[in-house]
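Take a look at this single chain in structure tokens; it is the form predicted alone.
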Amino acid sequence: MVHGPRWRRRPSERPSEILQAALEVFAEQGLARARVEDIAKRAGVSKGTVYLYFTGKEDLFREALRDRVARTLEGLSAAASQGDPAERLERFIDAYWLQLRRPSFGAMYVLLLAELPQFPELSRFYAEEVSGKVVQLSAAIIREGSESGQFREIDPLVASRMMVSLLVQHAIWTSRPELFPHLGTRDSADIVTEIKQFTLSALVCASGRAA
């Protein structure tokens, strides 16, 4: 597949175009095997142009993840910005599920599991800047629900971690129907509805709004 210069007339978008190309190459080849030359070719620029914006491959990987998670968090925050805590949490789950069901998620998740243990600094970055921020965002909603009396008294970070892990694991399962046939034929909307019902049944007080 030939990748031409996609943004020759849009120089302000070069960094984001390079980061998108980097994510594609990293997902296909892995962090260890990917080369800056491959990323430059995918983005339709010279290798020198890549180095105008980024110091190297690890910098590209870090900034590509930061860019992706910033976009994800922006969407999640917007989706869960209004309403009571239970309503906000439902919208958060719906929005995050859509992100996780993107075709690129499965490949990127496999890449992270395979590559990050070899790069301790990037592992810490991922824990703090990527997965950690998603958990913190939903934990803030759960904390508000507990303080208002709508949710049970519970550690918000623990509850958020449990909920996020449910979403991520089900997204992995549904992306590999050949390995998980019990979910492979299920409708995606039904699965996320079950996750919402399970989560809210664990959180909402008996006197609170029913899930």
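The first residue of the shown sequence is 1; numbering continues from there. Here, rigid core means the biggest group of C-alpha atoms that superpose within 1.5 Å across both forms. All figures in this text were calculated on a predicted structure; none of them were measured in a lab.
Omitted from view is the form predicted in complex with another copy of the chain, to which the following refers.
Asker: For V110, is any heavy atom within 4.5 Å of another copy of the chain in the predicted complex, or not?
Answerer: Answer yes; at least one heavy atom of V110 falls within 4.5 Å of another copy of the chain in the predicted complex.
Asker: Under a 4.5 Å heavy atom criterion, is A70 part of the interface with another copy of the chain in the predicted complex?
Answerer: A70: no contact with another copy of the chain in the predicted complex.
Asker: When the contact criterion is heavy atoms within 4.5 Å, does P181 count as touching another copy of the chain in the predicted complex?
Answerer: Contact check for P181: yes, within 4.5 Å of another copy of the chain in the predicted complex.
Asker: Answer yes if any heavy atom of V164 is within 4.5 Å of a heavy atom of another copy of the chain in the predicted complex; otherwise answer no.
Answerer: Taking the distances in the predicted complex, the answer for V164 is yes, it comes within 4.5 Å of another copy of the chain.
Asker: Would you mind picking the one in R62, R186, K47, R143 that has a heavy atom within 4.5 Å of another copy of the chain in the predicted complex?
Answerer: Spelling it out, the residue with a heavy atom inside the cut-off is R186.
Asker: Could you tell me if all three of Q118, I172 and V204 have a heavy atom no more than 4.5 Å from another copy of the chain in the predicted complex?
Answerer: Checked in the predicted complex: all three residues contact another copy of the chain.
Asker: Is the shift of A27 between the shown form and the other one large enough to count as movement, that is, does its C-alpha move by 2 Å or more after the core is superposed?
Answerer: Yes, shifts by 2 Å or more.
Asker: Please determine whether the C-alpha atom of V69 is displaced by 2 Å or more between the shown form and the other one following superposition on the rigid core.
Answerer: Comparing the forms between the shown form and the other one, which are aligned on their rigid core, V69 does shift its C-alpha by 2 Å or more.
Asker: On a core-based superposition, does E144 travel 2 Å or more at its Cα between the shown form and the other one?
Answerer: No, the C-alpha position differs by under 2 Å between the shown form and the other one.
Asker: Closer or farther: how do the CA atoms of L65 and L157 lie in the predicted complex, compared with the form shown, if the change is at least 3 Å?
Answerer: Relative to the displayed form, L65 and L157 move farther apart in the predicted complex - a change of at least 3 Å between their C-alphas.
Asker: Specify closer or farther for E58 and G75: how their Cα atoms are spaced in the predicted complex versus the shown form, given a shift of 3 angstroms or more.
Answerer: Result: farther.
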